[in-house]
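Structure 1 and structure 2 below are two forms of the same protein chain, each written out on its own as structure tokens.
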Structure 1
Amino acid sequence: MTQNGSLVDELQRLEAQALTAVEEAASADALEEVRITFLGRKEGRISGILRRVGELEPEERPRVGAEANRIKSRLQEALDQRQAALEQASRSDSGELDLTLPGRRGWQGGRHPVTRVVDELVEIFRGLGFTRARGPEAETEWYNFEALNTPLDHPAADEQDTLYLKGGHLLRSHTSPVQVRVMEKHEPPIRVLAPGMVYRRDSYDATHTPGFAQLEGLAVDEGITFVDLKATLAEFARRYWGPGTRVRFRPSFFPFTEPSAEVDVKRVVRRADGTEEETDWLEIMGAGMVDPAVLEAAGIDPERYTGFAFGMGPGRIGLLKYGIPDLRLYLDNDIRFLQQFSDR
């Protein structure tokens, strides 16, 4: 065997040793030691062999040089791959990045639970002949109080209950002003629903929030009686909670209706084992016949027309429907809570 063949064989043995050392390097420092040992310019073992090339015949030197270059390129590639593997392992161990975890799906929005309830209520009343109406959230005292038979010395108009704005306006405390605006613009027959946000100086707790959704309804026509009110709300309750739902009307007082009533429902719920059980009576809304003074303030002849009105809180309805224990969950913007109501 010539000296040329001997140097080539020696280079190939070094290649095998170096590749093994690279694979076994457990840290960046160990990997650097392997690089210096085999590829270092002064003390590197491959460089040591190349220094002996000058002893070869001129025609034999190219083969040794070509083999040395191939091995150096192969070792550098192995070193780079091992370094990348060590860096990835280091990031995974530190929690910075773990590429083995499955990718997260993009967030997809859904309707808020209160919005879902409002849409369901509107759809039911649409089937009963009602249309949807809207009005401004910043109202005047006339529309919020006086046109609804509520004088400004009434406790409801006190600053302790109502949020007043500059310029003689206030944040509406109910959606009843929408009913007045509709009656001013349209002749009977009228059947409208007015959903929207209302604002009061309430405490912020499990059953009260300063801002909340409300939905009110109004029907005005010739010959409307309390029987029509009871029939409409009873039909709504059966369509929303099921045919076994019972409805109860209790006498109450509201400045803008006379007579007035609180409306309660007793629902039939199905247990997990398939049995059915009636709930206790639960109050869901206030209602009554529109006071003649309210019709007159809106420009409608109370001698010719009568009407009924009702109002409910979709947020509280949602508590009953979905078993939600706290109104504040609607406003916390907790994705874990809200994603339960996603349309996906």
Structure 2
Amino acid sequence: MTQNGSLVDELQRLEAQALTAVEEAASADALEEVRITFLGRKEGRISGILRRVGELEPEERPRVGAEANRIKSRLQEALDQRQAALEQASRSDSGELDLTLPGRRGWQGGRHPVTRVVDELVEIFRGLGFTRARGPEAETEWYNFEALNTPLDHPAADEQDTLYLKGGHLLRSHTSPVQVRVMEKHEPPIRVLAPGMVYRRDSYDATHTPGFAQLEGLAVDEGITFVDLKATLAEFARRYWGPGTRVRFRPSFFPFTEPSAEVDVKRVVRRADGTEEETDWLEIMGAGMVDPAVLEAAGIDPERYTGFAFGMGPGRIGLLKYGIPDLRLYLDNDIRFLQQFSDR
């Protein structure tokens, strides 16, 4: 019993020693020496132990034998591996291995360019205290128009040609309905972003597709002013388009904000020769102070609270940012196109 235990113990100690010796062998010759030391048929140390098996009780012999076999095969495996490694090393030393050959890589995955833009925008606004909210893509006329101070019989309801569903509902023509849904559910202070798909009855061309991404923003609290709107969006623009970016606010009209603004940026871009130049003014979003009628429709006291809202098209921003000439490329999903925006 003790004998048996001690033989197995001895074998396991040998195993550990042998594995260390294999790792440390620095040449093919040294490795061969290790092999002979441990596995040699006559002088090998494992053989030496096995010769003592005869001293054991017959019923204990198979266990020692099995352990010895396991160790032998494990050791042989380690020897083979080490030998291969040594051979490879010597080949590369002698110039046989051409390391200019390409390495082995995995597939190149990537987010869609529009998602990429949305994520970048969200990241910046997250830094300005905003979180994300969502609403349905199929909407009621109430949320898409009326709650947003847009009577159905006013031409403003025509500005975006709406896709209707059988049964009276519609596909939202902007992400602004989420404003109302959020305000109905939450008390100020509110600072949310609503990225999502919107739909309009536009034919496909370079600058239109009947569905596209939009990103809505809404801030409602006591004391929010037009200055906060300008400051927040100018800060966003500089963080996204670069510190030298100029920002311009032009009056505009949206039924659900008043005053309303179009926001343009003029970026500084680096030319191929290293010099810098300013782009033309680029229209990047619509914005404004939330119309009191919208606050009221959502159950928020417009005398106490004010707010601002903005909306932009990440797809369009992608066109400007990446120099993509045609919105339809987003929907073709050509692998070669998508890979250009991959995350590596």
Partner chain sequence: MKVSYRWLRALAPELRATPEELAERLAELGFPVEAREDLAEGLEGLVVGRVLRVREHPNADRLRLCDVDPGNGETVQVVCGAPVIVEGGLYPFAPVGSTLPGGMELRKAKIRGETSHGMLCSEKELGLGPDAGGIMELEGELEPGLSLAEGLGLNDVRLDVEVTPNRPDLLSHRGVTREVAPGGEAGLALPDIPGEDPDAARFVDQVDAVLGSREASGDGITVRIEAPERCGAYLGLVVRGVRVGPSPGWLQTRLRAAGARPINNVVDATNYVLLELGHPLHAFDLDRIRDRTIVVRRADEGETIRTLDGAERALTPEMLAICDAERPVAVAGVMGGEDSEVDEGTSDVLLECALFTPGPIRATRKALGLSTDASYRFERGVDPEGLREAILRAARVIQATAGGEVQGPIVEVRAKPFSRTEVTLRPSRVESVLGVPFSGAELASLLEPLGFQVPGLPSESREKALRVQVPGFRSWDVSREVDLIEEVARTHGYDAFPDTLGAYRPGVVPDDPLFELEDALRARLVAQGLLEAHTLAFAPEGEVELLNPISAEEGYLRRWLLPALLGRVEYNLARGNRDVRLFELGTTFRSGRAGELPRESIHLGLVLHGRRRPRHWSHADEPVEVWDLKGLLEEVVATLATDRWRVISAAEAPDGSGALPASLMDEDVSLAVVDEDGRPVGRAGRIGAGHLDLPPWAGAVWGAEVALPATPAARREVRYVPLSTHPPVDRDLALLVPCTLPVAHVLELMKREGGEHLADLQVFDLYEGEGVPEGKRSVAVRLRFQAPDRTLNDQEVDARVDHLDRQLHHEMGVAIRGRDD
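Small disclaimer: the values here were computed from a predicted structure and weren't measured. In this text, the rigid core denotes the largest set of C-alpha atoms whose superposition between the two forms falls within 1.5 Å. Each residue is numbered by where it sits in the sequence of structure 1, with counting from 1.
- Between the two copies of this chain, it is structure 2 that is the form predicted in complex with its partner chain.
- Relative to the superposed core, Ala84 shifts its CA atom by 2 Å or more between structures 1 and 2.
- With the core held fixed, Arg316 shows a CA shift below 2 Å between structures 1 and 2.
- Annotation for Leu327: C-alpha shift under 2 angstroms between structures 1 and 2, rigid core superposed.
- With both forms fitted on their core, the C-alpha atom of Pro58 sits 54.9 Å from where it sits in the other form; this compares the forms between structures 1 and 2.
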